[in-house]
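Read the single chain below, which is given as structure tokens and is the form predicted on its own.
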């Protein structure tokens, strides 16, 4: 075995290969034997891990794309230029694989365009979510494409796309605002199924605000991982601006989290749900609010005040986990809370395996793109890349 082969087959790549091979087997079982063969879903629990994690969490954590591009191109914060392409890349891959993961839940991949072109359900929130997500995936692909076009040397087409940056950013923000909030609105039709501590007529607002937290936290978290694993791919501009991006987004996240906490507090007061805090679900709710909302808000604030990057990065982990905890609580843990334990949903090992498979695909695609295309550095022949 040559030295190049030895370098390629290190522990990380071997583990990736095992996960991808196992994921392909599970994919075959899902589409050959049907959804019942690989999941614990039933009529009481038609939505499970693939919706709660792959879709709900995936869409929220991919919000870094619209947050970063809006900050840079709409609000004039040009010192965030270097963070735009990594954020757009993460967002594009996130949304693309959200659609891929959704196919496992829906089945019949060839019928994916039906709601848009054949049988529109214009009065359904799911139609609005599907339309916005499909349009936003297209917008993200166009926003991301200059990196690929520079890599391929297609200068004219790349220059044309660059001129569309501002309208694409505006469209991305509008579409994100719509479908991020609509994912929360989906639960408005189930007031008897979702626990009162999480159910609210303001759920669309909560989902949108929390997506901004997810976006800012994910940019910091993804930047931390990139600096550890892909530091050699970054140019001087990216390295110079990295700390400013982290502290700027941390300050924003701190304010948003604090605002989110008090809005939730007002909501509990308006609905008079204080009595539920003394129950088991109340403990789960308090852990979410204090451990994954108020704590990261304080950590972000302290990190920014003390100019301590380590605290900011720790806070970003809590911020990302907080979104996962919230979406899990809403879509699975606090959903169907009135059912006996024997009828509650818990994902099967194969469901978990397919979710791990999808996440591994995202990471693999991200590494492929960032090690070849000008995402973490500026292409020397395109100095207006950002």
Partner chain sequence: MHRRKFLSLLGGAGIASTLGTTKAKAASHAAFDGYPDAMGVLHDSSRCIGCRKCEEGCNTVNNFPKPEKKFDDLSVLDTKRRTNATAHTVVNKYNVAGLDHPIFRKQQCNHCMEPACASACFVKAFTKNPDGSVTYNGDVCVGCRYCMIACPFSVPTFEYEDPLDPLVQKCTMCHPLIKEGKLPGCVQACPKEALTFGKRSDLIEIARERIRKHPDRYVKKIYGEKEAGGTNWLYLAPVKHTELGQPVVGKKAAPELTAGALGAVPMVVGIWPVLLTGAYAISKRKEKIAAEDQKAAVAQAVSETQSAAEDKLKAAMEKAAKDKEASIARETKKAVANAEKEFEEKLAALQNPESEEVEESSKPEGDA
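Just so you know, these numbers come straight off a predicted model, no measurement behind them. Numbering follows the first chain given and starts at 1.
One more form of this protein, predicted together with its partner chain, exists but is not displayed; see below.
J.: Would you confirm whether the three residues 123, 178 and 190 all fall within 4.5 Å of its partner chain in the model of the complex, going by non-hydrogen atoms?
T.: Yes, all three are in contact.
J.: Answer with yes or no whether residue 361 is in contact with its partner chain in the model of the complex, where contact means some heavy atom within 4.5 Å.
T.: No, residue 361 is distant from the partner.
J.: Please run the contact check for residue 119 against its partner chain in the model of the complex: heavy atoms, 4.5 angstroms, yes or no?
T.: Taking the distances in the model of the complex, the answer for residue 119 is yes, it comes within 4.5 Å of its partner chain.
J.: So in the model of the complex, does residue 26 come within 4.5 Å of its partner chain, heavy atom to heavy atom?
T.: It does not: once its partner chain is placed as it appears in the model of the complex, residue 26 has no heavy atom within 4.5 Å of it.
J.: Could you confirm whether residue 44 comes within 4.5 Å of its partner chain in the model of the complex, counting heavy atoms only?
T.: Residue 44: contacts its partner chain in the model of the complex.
J.: Give me the residue from 202, 127, 255, 151 that has a heavy atom within 4.5 Å of its partner chain in the model of the complex.
T.: By the 4.5 Å heavy-atom cutoff, the listed residue in contact is 127.
J.: In the model of the complex, which of the listed residues (240, 305, 111, 79) lies with a heavy atom within 4.5 Å of its partner chain?
T.: Of 240, 305, 111, 79, the residue with a heavy atom within 4.5 Å of its partner chain in the model of the complex is 111.
J.: For the interface check, one of 274-282, 88-96, 191-199, 307-315 should have non-hydrogen atoms within 4.5 Å of its partner chain in the model of the complex; which one?
T.: Correct option: 191-199.
J.: For a quick check, can you give me the residues of 55-81 that have a heavy atom within 4.5 Å of its partner chain in the model of the complex?
T.: If the 4.5 Å heavy-atom criterion is applied to its partner chain in the model of the complex, 55-81 yields 73, 74, 75, 76, 78.
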